[in-house]
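Take a look at this single chain in structure tokens; it is the form predicted alone.
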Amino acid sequence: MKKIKSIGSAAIVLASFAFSNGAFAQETLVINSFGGSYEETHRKLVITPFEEKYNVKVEVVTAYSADALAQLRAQKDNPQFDVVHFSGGLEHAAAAEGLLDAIKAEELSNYGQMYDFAVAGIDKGIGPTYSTAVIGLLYNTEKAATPPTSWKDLSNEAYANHVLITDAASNTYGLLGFLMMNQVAGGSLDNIEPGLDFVKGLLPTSTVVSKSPEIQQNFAQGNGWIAPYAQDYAHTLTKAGLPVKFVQPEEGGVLAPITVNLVAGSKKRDLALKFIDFSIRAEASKGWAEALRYTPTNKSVELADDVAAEVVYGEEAVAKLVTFDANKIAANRAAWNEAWARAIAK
């Protein structure tokens, strides 16, 4: 009898030890986010609801895309992240280096609700696009008597001396806008000369800026009436009280995807897939549109009229969006930067 009591006491002690050392602790998923107000919105729409639904802990490391890629490379043999978010196309480089894992369509319950472009690369390791900025034209609604409808309108005499061009060498949105001007002018990713010639024609009556705050400053001072830039930044300007609208030109706007990716070698693969699936659900996609005016990538999203008017919404509008090959951009970026610098220096 004494022996039985001893075994029972030992079991209780072991159970207490195990509990105190976290044997029943919540499972933890490690992800990155981009800090600031973006991360606040990310927590509200995805991270906190995910923790509550699955009773898990999500550890968030603030790391922008380039930093996240550098960390993935350094941790290749022992990855610390389970899920990484990228903007600017770096998921293509990460996938090509084997840092990201492929996802099957059947592993995502929300796969069927996504626009094709948003899940086009998941079998190659490029995670779903859970929201996207779109590069089009921002214009001053009080100064521009006739709203622009085409990328060619940047050379319209009505806007002379009030066109803002964003530096393509230092600003990703500036580069995507330039590539679209190049395409409309007859160029391609193998030939950017038509785009450079178009920009050279604009330079005498335009202003080159490099950062978002310079666009706001120029619009606020009345110098800027029209600028190729992102739709979500138009919302930033309207919140600041400026009379600015975004328009997707008739030739289309350019996708600037934000993706959620499965890290190769993650020891929490199943939980990571649940997080990715949770990130692309309609409720989250709608929330990004409402909060920051990112275009929904889940086609089942229904938006209020005022929000829909400030994003690219609906299958007909989404069909006009243009994607440029991220791998070609990466391969040519250095040479393009040099060509751009020579063009705007003249």
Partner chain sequence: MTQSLRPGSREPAFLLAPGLFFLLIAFFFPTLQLLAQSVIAVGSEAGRLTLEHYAKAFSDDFYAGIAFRTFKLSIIITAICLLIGFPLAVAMSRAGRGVRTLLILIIVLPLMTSVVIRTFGWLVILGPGGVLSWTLNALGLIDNSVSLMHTETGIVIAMVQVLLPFLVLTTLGSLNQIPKSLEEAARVMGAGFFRGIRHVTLPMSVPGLASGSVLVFALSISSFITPSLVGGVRLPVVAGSIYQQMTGSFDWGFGAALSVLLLIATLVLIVPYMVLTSRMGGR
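Source: prediction; values computed, not measured. Numbering follows the first chain given and starts at 1.
Quick note: we don't show the form predicted together with its partner chain, though the next part is all about it.
- Contact with its partner chain, judged by heavy atoms within 4.5 Å in the model of the complex, is confined among 121-129, 202-210, 269-277, 178-186 to 202-210.
- 170 is the sole member of 149, 141, 170, 109 with a non-hydrogen atom within 4.5 Å of its partner chain in the model of the complex.
- None of 87, 218, 71, 238 but one reaches within 4.5 angstroms of its partner chain in the model of the complex through a heavy atom, and that residue is 218.
- Taking the partner from the other structure, its partner chain in the model of the complex has a heavy atom within 4.5 Å of a heavy atom of residue 338.
- In the model of the complex, residue 80 stays away from its partner chain, with no heavy atom inside 4.5 Å.
- Contact annotation: residue 191 falls outside 4.5 Å of its partner chain in the model of the complex, judged by heavy atom distances.
- Although the partner is absent here, residue 334 is a contact residue: one of its heavy atoms lies within 4.5 angstroms of its partner chain in the model of the complex.
- Each of 214, 223 and 342 places at least one heavy atom within 4.5 Å of its partner chain in the model of the complex.
- Residues of 289-319 are not found to place any heavy atom within 4.5 Å of its partner chain in the model of the complex.
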